[in-house]
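The chain that follows stands alone, in the form predicted on its own, written as structure tokens.
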């Protein structure tokens, strides 16, 4: 037997159960099976007296003697034992007792077998979840063991299961049995995945010990050592794989060399009406180093809402222009592209650099002029949506591609932008996101990129007061908005439209709009509405009316989540706030607080709010730090949901480690992986042969998009 042996060949499995295990849990081989770890453990060493058992306990273990056994039909009538052979019995009930009291155990399946076992006067260990039925304590389908065979270790592992598995006879006991058989077969011949020197330097137990103790721990201490070893191994190999890709790319990918800063950069920098923050200056220095190194830049720029990422993108673009190249900034929506265009044009005015906007709605004549300017090099900076990646868009010398909110673009879309580099040399790539990503997730999802963080807000940004209120405060909320409008301010009111086609949500938005129009009637108030079912022209018209101050209130769906900049807006009302994730709520809140005035975010919650949702809303009221919120969001929701990735961005699925809980192990694993690659970048030294072999396995071989972002 080896790790690649199909599980159908394990005793008791066979083709049918093997098919079920693959379908339900993705387990096809013995290797998959032994890497399916218990998600919790039950202490099987302690016996509980029946008098101390109550339904609030989880699973308990009772040592008791059978005193009475009864058989029942479906209609509840008691049946004699001879009816067993006619399959008329629907339920077996046994009364079991110890010196402190008695309880009932009930079986609906395997009745014939249990009837032969549970002979009055015999003693067993019963293990299961206690409950109360008709005022009597009972256990349904407990595990039944002879007193001398139970509790082989102090802890028993509980494995992931499904209804289908249980119906197919794959119970917890069955899983324990086949995993035990698999371990007996493979442990004697198993090679460790980590070299001896790694085990020694990091104080890790061998793989054979770890696998035995994770499934059948003899003590809490043995389980802790096994768990740490397996978590470290998983995170270490993941980081080794990412860093090796990064090393190969940075050493082999030739980048356009940009040694100068250039006049345009200096002219823009000198004309800035404010001082850059220390964080912005640090990030620009990091980008400058990359662009002059001769290697291609692949950098992720993280910065909270309003931290000044656009300014960094502008100055980086001007470095490219100052060295005779062009730059492009790609945004996910037309509204955001237009906003970038307005801001960038303003910043570039003192430089004389030509900047153009290209989106799906750019007219034919303008498009022709832009294409010509790109090809002759007179357009220095191009801003646009995915229209930038069309085949007709050809640059004379593209040197830098900035991708904003990159998780909204498909990987293949970004790859097409990549191919537009100068003389076949790919452009430098700067990926920006305003969605704060927890450090551990960034290290993993973007582990092969260099990461820069703007962790400082520009001076003068006032804190946003965030409050959470229920339906009873709606009238007060309307009065508050009226007061703010009277001071010359504006307000956003956002509804959750989770799927643009969801009729119910669309109706909620329509009803909400009608209610707002009634509460804020013409001519005193003007209300604009924006949602995904409008044409781009309608959206832009209404958004522009609000941005220009011609409308006091913008009723909207989450299309305004990213990028809309209206400094005069001081109120953000989020309806049914419990339906949003923390990161999205934080993004929406960031639409206000952009001007000199004090701003407010009002979270309107529904009548039925779960504990988890309330916790999210309380967290948002407690802090404005996006990175803090992202860390908490990951703890609440798990890493899979945060970027809608379901961890699909990872080159390896995590079986035991958690990005939310194992940040310290991850940092240590990454540092150690870097240390090993510094000594042996290609892992060709004999002592690293196990690592090289492990990284060649299928699970680490992903379509190589590492050079895209």
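Residue numbers count along the first chain shown, from 1. Given the structure is predicted, the values throughout are model-derived calculations rather than measurements.
Just so it is clear, the following notes concern the form predicted together with a small molecule, a form of the same protein that is not shown.
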Residue among 310, 542, 552, 338 with a heavy atom within 4.5 Å of the small molecule in the model of the complex: 310
Contacting member of 305, 509, 125, 214, with respect to the small molecule in the model of the complex [4.5 Å, heavy atom]: 305
Heavy atom contact within 4.5 Å of the small molecule in the model of the complex, the stretch among 130-138, 271-279, 200-208, 416-424: 271-279
Partner contact for residue 299 in the model of the complex: the small molecule, 4.5 angstroms, heavy atom: no
Residue 594, heavy atom within 4.5 angstroms of the small molecule in the model of the complex: yes
Partner contact for residue 159 in the model of the complex: the small molecule, 4.5 angstroms, heavy atom: no
Heavy atom of residue 169 within 4.5 Å of the small molecule in the model of the complex: no
